[in-house]
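The chain below stands alone, shown as structure tokens; this is the form predicted alone.
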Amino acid sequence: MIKKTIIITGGLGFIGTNLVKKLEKKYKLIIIDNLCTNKKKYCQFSKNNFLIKKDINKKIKLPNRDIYALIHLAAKGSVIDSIQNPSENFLANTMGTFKVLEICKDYNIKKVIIASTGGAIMGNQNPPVDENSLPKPISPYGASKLSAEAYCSAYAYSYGISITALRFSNILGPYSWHKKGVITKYFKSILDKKPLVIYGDGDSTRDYLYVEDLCDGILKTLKKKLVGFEVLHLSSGKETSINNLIKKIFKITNTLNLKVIKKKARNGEVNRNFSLNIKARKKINFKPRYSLDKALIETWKWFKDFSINA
């Protein structure tokens, strides 16, 4: 049977690496990545994958025109970085998405999945949020993702492309050593025996989802026939505070007497966030299987192994 061809932008990043490993046996993959994470050594991919070493804002020529779908993961994902350098964030997320949509139009790619965000796009609203909540971003990162969604909606209806924006919650799992999220920072601090830092009082909350559950959601979206522009929240649907997260991490890592430092809360970061995944359950049969405890255990195992072999 002839394998269908799928493009994955950002395919050598955290989520991209996990997704490529999941898809490469069933599909031919074209990976577009600028290698900015410098973590190509994470794992060895199939030799059948075609790698284009380019930034998505550069002119990209595809090796063939018979493309089944495109999954757009390439992005600048840090809220704090977006405040420090909003123009770079705009170019990567808004302009980058526009360039990807132009590729889809030019190569007649009719199925697109784009990574969005379930937290930064919403701002400070009373959770839980869902697809009917009114986005009100408080950071350039959130604004860039909201504008990217708007372009996706416009291209879906202007050019007959089926586009689904998947709003990810806070994702954890293997191949996230280069990320700037709180779980990566805490695991690295524990490995280095350094204090853990909390910005604010520790009562701020997030929705955490294991990367394997996320990739399952992407795969189910890929297989489902969705028409026009859709938005789906891929989340656990559960709220966890930073204070509670640290307690879980200390227990899982068997860490004793490591200092916790509290610093001033940072601009752009939402106070509370978690989202409902009811629509995703109905539309694509999305069913997260990993509890936060199990996800932390698996992620910690990977961090320990990677720190030894890096």
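Residue positions are given as counts along the sequence shown, with the first one as 1. Note that the structure is a prediction, hence the values are computed from the model and not measured.
Another form exists, predicted together with a small molecule; not displayed. Remarks below refer to it.
Visitor: Quick check: do 10, 74 and 141 each get a heavy atom within 4.5 Å of the small molecule in the model of the complex?
Guide: Yes: each residue has a heavy atom within 4.5 Å of the partner.
Visitor: Of these, 275 to 283, 53 to 61, 256 to 264, 238 to 246, which stretch puts a heavy atom within 4.5 angstroms of the small molecule in the model of the complex?
Guide: Stretch 53 to 61 is the one.
Visitor: Determine whether any heavy atom of residue 178 comes within 4.5 Å of a heavy atom of the small molecule in the model of the complex, and answer yes or no.
Guide: Residue 178 belongs to the contact set for the small molecule.
Visitor: State yes or no: in the model of the complex, is some non-hydrogen atom of residue 170 no more than 4.5 angstroms from a non-hydrogen atom of the small molecule?
Guide: Residue 170: yes, in contact with the small molecule in the model of the complex.
Visitor: Is the gap between residue 49 and the small molecule in the model of the complex 4.5 Å or less for some heavy atom pair?
Guide: Residue-level check for residue 49: no, no contact with the small molecule.
Visitor: If you check in the model of the complex, is residue 271 within 4.5 Å of the small molecule, heavy atoms only?
Guide: Contact with the small molecule, no.
Visitor: Exactly one residue in 115, 101, 122, 232 has a non-hydrogen atom within 4.5 Å of the small molecule in the model of the complex; which is it?
Guide: Residue within 4.5 Å of the partner: 115.
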